[in-house]
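Just one chain is shown here, as structure tokens, and it is the form predicted on its own.
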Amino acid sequence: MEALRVSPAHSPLLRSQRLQSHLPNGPQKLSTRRPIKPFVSATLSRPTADVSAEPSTSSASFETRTTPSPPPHRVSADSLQYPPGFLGAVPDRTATDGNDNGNIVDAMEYLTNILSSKVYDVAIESPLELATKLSERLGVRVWMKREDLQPVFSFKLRGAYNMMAKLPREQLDRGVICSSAGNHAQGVALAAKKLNCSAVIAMPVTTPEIKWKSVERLGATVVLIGDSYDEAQTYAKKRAQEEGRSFIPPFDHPDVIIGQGTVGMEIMRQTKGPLHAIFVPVGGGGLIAGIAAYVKRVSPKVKIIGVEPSDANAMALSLHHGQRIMLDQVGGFADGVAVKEVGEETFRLCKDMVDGVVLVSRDAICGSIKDMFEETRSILEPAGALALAGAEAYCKYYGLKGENVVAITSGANMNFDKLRVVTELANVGRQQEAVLATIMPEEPGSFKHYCELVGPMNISEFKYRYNSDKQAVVLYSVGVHTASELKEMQERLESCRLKTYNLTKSDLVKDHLRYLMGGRSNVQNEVLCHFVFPERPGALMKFLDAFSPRWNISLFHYRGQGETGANVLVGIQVARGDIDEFQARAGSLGYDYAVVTDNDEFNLLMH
């Protein structure tokens, strides 16, 4: 199919507020948090039928939107980072809108709508199961809310069906349409099948075959169009206007939020004993907003904690700045939550009720996928394991003991090709494997001396290639160990003047450089870049057309990871006077990229 090439439209929903330019100087203390008001500051403007009966593509018409808002401020995910498990991005609730009575009415609307939702026409009340092994390891009772057991292996069915079930029959007869790269698409398709209406699903051409074929099997019409979600959404909204179909948004609509809120209702019904916190994966914010809308009304002392990947932290940044922002780039490993901008309604709810956001790494997510497999023999998708990773990190960071916490295992639509990466990184995420580099003299006996210093530590990977008659750099992985054992080994090596670097946290090393050992070379004018290629035919040729034969490509390492985008490390020889032209071509290519020429790990291992 021909790809639609359009520029993503900026959302008109962002409120006009000045973005604070400063960042906190280090982690805030939990004790500085202000009490949470047990009500929802949100507006249910009109019933779904009133909104959707019009041939409009707008997901909702909120009363608060009176004038067009400026485009959202674009920021980098790296601009807000804090230690794993730390509860950051705590909303500032010092300002009030002076309309507490109205807020309480709005809260009651959410509450009553959640209680009367019809999601159980298609969804099940998912079980709340104790993670026995993880609980023993942490000294905390960790309960898993098994949304991965839903008919489409994801909670997304709830919100889609709740919104569609409220449409009048004449509107259903015109059909529905949505844009999605995964779980929302399957939810809309199954809901349409149940309600006997036609569904069109616009999906990027980069969507893995296993996902779009699953949608087709549910009876929906799949249109593969565009390289990104934004392009698929533009197509879907345009077609909705042309054909009078109802556009079903993935998260930013009150009725979608209400459907997801039934998860919170079930948790409160199923929980026995006091509950410390509920950990919720966050993408656009629909699930956490719905859970908070219910739980904070019936049990305001229960903490509602969002969990995001450290490279896809749009909600954390929005809460931190007090207004919605847009990420300039978003990490795609946990593709189910890879959202550049959270919803307007979801953000309004979250800033009033969510207690904060925990950030976790890709490695930690992989570790939690392994934890889930060992607990239940089930395999979660990365976004589905996100809350589990956040709960574990939080409990360790604050030394929590003896409490009850709930983690939502939100989905199990795992791309099989991604399992290879998961198995490689799971032990790193559990802090049971470390990646290190040691510099040793290039002389007889040095290798034996190194092995004697390593001692009983289990080496699971070792890479070395002769490069210089003066010194050698070896890259290796250490297997199951404790933090003290690793520290003692490093101290032994350092005491014998064998400089050792811990590279465990470097994605560049784990994704690329560990596979390039032995190919060291000093290349003149080499610019090293990390590109994200869309996984579709023609992506490589488009890249080559932009740079070749203008400049020589000195390094190229591609490694598919079962994502919609592939990580590619590229070296290009660009003279100093050509840098501006190079940046212009790279920018016009349309692929996310970053220049990493000065990366310390690259210079250590490759130069």
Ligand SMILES: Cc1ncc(COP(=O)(O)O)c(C=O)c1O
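Only a predicted model underlies this, so the values are computations on that prediction, with no experimental measurement involved. Numbers for residues come from their place in the sequence shown, where the first is 1.
The form predicted in complex with the named molecule exists for this protein as well; it is not shown, and the discussion that follows is about that form.
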Note to self: Can you tell me whether Arg158 touches the named molecule? I mean in the predicted complex, with a 4.5 angstroms heavy atom cut-off.
What the structure shows: no
Check: Closest heavy atom of Gly336 to the named molecule in the predicted complex, within 4.5 Å or not?
Finding: yes
Next item on the list: Determine whether any heavy atom of Asp363 comes within 4.5 Å of a heavy atom of the named molecule in the predicted complex, and answer yes or no.
Entry: no
Check: Would Glu381 count as a contact of the named molecule in the predicted complex, using a 4.5 angstroms cut-off between non-hydrogen atoms?
Finding: yes
Checklist line | Location of the named molecule contact in the predicted complex, chosen stretch of 505-513, 167-175, 322-330, 407-415 [non-hydrogen atom, 4.5 Å] | finding: 407-415
Check: Looking at Gly259, Gly286, Gly187, Gly264, which is the one with a non-hydrogen atom within 4.5 Å of the named molecule in the predicted complex?
Finding: Gly286
Check: Of the options Ser179, Asn183, Ser318, Ser368, which one has a non-hydrogen atom that comes within 4.5 Å of the named molecule in the predicted complex?
Finding: Asn183
Notebook entry, point to check: Using a 4.5 Å cut-off on heavy atoms, which residues of 229-253 contact the named molecule in the predicted complex?
Noted result: Phe251
